[in-house]
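There is one chain below, alone, in structure tokens, taken in the form predicted on its own.
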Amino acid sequence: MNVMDYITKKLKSEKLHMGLIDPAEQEPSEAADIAEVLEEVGSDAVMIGGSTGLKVESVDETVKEIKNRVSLPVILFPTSAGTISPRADAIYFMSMLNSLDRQKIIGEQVKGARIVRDAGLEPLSMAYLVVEPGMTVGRVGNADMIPRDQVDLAVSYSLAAQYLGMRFVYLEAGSGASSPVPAEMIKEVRSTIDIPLFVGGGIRTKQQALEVTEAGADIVVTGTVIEETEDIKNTIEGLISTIKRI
């Protein structure tokens, strides 16, 4: 499966949803249960990653179980070069452009490049931009977080990413954020760049999903809500139906 072609083709007709599953939060079989629900209710891909301190063994087993049970693309959302599973279909080859830590901008990518090549993973280049409050990813990534009222800064970072040849921009408010990336920021970034825009962090309700999608998000990522809700099917189905109505 060529995942870039898959995403590009789907984006021609609809907005997309991707569910983020953290291997540290459940056993591989439970992660596969969640992935089956995601596929059933119309999600477009499964992203694997999220926690710091993950071991490649747990990532690998989680990917294996999910691949055995669903046909959706499984895409790695890595925190480091040490968590790359060759079983996945693709990997977001990300650079946290607004980190103050060189390791997050290019160091882990240098360490992981040959691993990705040798594993035969499809690399999907992505600019990862952390917006306030940023939560754990902002702290661990030593991000110089984009203030919520500095829309122009987010636009400049995003345009720089496009000019550097990256295929995606991801605006991240942080897992567990009290609110998503501001709609005005999403709107201005979307109107400036020509590449697909991901938005994640703090999206728990249909109203929040509607706001970020109407503002211009091409791909909406939800993760925390999957971990917190007792009724994954109805919750995620409601979010996805809202996203895809736009």
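These figures come from a predicted structure and were not determined experimentally. When you see a residue number, it is the position in the sequence shown, counting from 1.
Keep in mind the form predicted together with SN-glycerol-1-phosphate (1GP) is missing from the figure; the text below concerns it.
K.L.:
Considering SN-glycerol-1-phosphate (1GP) in the model of the complex, find the one stretch among 54-62, 197-205, 30-38, 210-218 with heavy atoms no farther than 4.5 Å from it.
P.N.:
Every other range fails; the passing one is 197-205.
K.L.:
With the partner left out of view, is Phe77 within 4.5 angstroms of SN-glycerol-1-phosphate (1GP) in the model of the complex by any non-hydrogen atom?
P.N.:
Yes - in the model of the complex, heavy atoms of Phe77 and SN-glycerol-1-phosphate (1GP) come within 4.5 Å of each other.
K.L.:
Residue-level contact is defined here as any heavy atom of the residue lying within 4.5 Å of SN-glycerol-1-phosphate (1GP) in the model of the complex; does Leu16 satisfy this criterion?
P.N.:
Output for Leu16 is no: heavy atoms all beyond 4.5 Å of SN-glycerol-1-phosphate (1GP).
K.L.:
With a 4.5 Å heavy atom cut-off, would you call Pro86 a contact of SN-glycerol-1-phosphate (1GP) in the model of the complex?
P.N.:
Pro86: no, not in contact with SN-glycerol-1-phosphate (1GP) in the model of the complex.
K.L.:
Verify the contact flag for Gly176: yes if a non-hydrogen atom of it lies within 4.5 Å of a non-hydrogen atom of SN-glycerol-1-phosphate (1GP) in the model of the complex, no if not.
P.N.:
So Gly176 counts as contacting SN-glycerol-1-phosphate (1GP).
K.L.:
Taking Tyr128, Glu172 and Thr224 as a possible spot, do all three reach SN-glycerol-1-phosphate (1GP) in the model of the complex with a heavy atom inside 4.5 Å?
P.N.:
Yes: Tyr128, Glu172 and Thr224 each sit within 4.5 Å of SN-glycerol-1-phosphate (1GP) in the model of the complex.
K.L.:
Give, in sequence order, every residue of 6-24 that has a heavy atom within 4.5 Å of SN-glycerol-1-phosphate (1GP) in the model of the complex, or say none if there are no such residues.
P.N.:
Residue within 4.5 Å: Leu20 only.
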